[in-house]
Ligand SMILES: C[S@@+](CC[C@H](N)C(=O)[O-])C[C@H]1O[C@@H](n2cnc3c(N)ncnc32)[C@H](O)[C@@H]1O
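Here we start with a single chain on its own, the form predicted on its own, put down as structure tokens.
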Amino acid sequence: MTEEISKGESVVLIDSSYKKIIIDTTEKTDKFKGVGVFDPSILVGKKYGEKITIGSKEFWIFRPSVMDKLHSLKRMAQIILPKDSAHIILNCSIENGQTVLEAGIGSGSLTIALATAVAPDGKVISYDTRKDFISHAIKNLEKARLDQYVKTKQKDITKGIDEKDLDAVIIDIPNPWDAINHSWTALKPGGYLCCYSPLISQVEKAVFSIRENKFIEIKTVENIQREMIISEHGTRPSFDMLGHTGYLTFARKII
């Protein structure tokens, strides 16, 4: 059954080059980047999956997926890419109803992925020392309609963690080793720790600190992703490979 767009919903418009623009149907007539001037309310009653013409451009209309929300994210700081976010969610066994803490909200990319995983009954708590990063990330979360699942704090995780019995702690700061002991105290038995580190020297110091605490299943991975280009003339890897972004270190708390 083909669903129609209801008033108050957000949709993603995808053009012929697959550029994605998320639009709130309750917004007023305005100029939208990549679309032009139009009234979003005209989308109400349209069918998901159909193609429409706005001005001189054609767009497909869809319900926004997590990837759509991440691709439409406005960046202020370097983000954790979806290829790494997916591994964090799976390796930390993050699911609906859990309470997860992240340190380093940045532009809110990982926050969106985490909030999607814990919703509708869970919560993401996000620490960051920079107020401007928090404000920017909240705007992205509001656009993604996930802000109700996130609580932000302007706080330095290396000075301590207020919460207890957390299901997972994800650390994306330059000195994760200074937050390992606090993470162990805040996690519930069986809870997961993840450190995202661009440099192997950061990984080494973090792992040494993890080993000093009561963690098991310690492992570090790097994700390399490349798309395959398939044409009538043959198949080859894309020249635009997603190479090194960061190392992911995982561990699990025991009693």
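Numbers follow the displayed sequence, beginning with 1. As the structure is a prediction and not an experimental result, all values here were calculated from the model.
Keep in mind that the form predicted together with the ligand is missing from the display, and what follows is about it.
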(message) Quick check on this chain: which one of Lys139, Arg130, His182, Lys151 has a heavy atom within 4.5 Å of the ligand in the predicted bound form?
(response) Arg130
(message) Can you tell me whether Val169 touches the ligand? I mean in the predicted bound form, with a 4.5 angstroms heavy atom cut-off.
(response) no
(request) Flag Ser72 as yes or no: does it have a non-hydrogen atom within 4.5 angstroms of any non-hydrogen atom of the ligand in the predicted bound form? (result) no
(request) State yes or no: in the predicted bound form, is some non-hydrogen atom of Val124 no more than 4.5 angstroms from a non-hydrogen atom of the ligand? (result) no
(request) Using a 4.5 Å heavy atom cut-off, state whether Ser109 contacts the ligand in the predicted bound form. (result) yes
(message) Taking 4.5 angstroms as the heavy atom distance cut-off, pick the stretch from 92-100, 115-123, 142-150, 74-82 that is near the ligand in the predicted bound form.
(response) 74-82
(request) Output the sequence-ordered list of residues from 81-105 with at least one heavy atom within 4.5 Å of the ligand in the predicted bound form. (result) Ala103, Gly104, Ile105
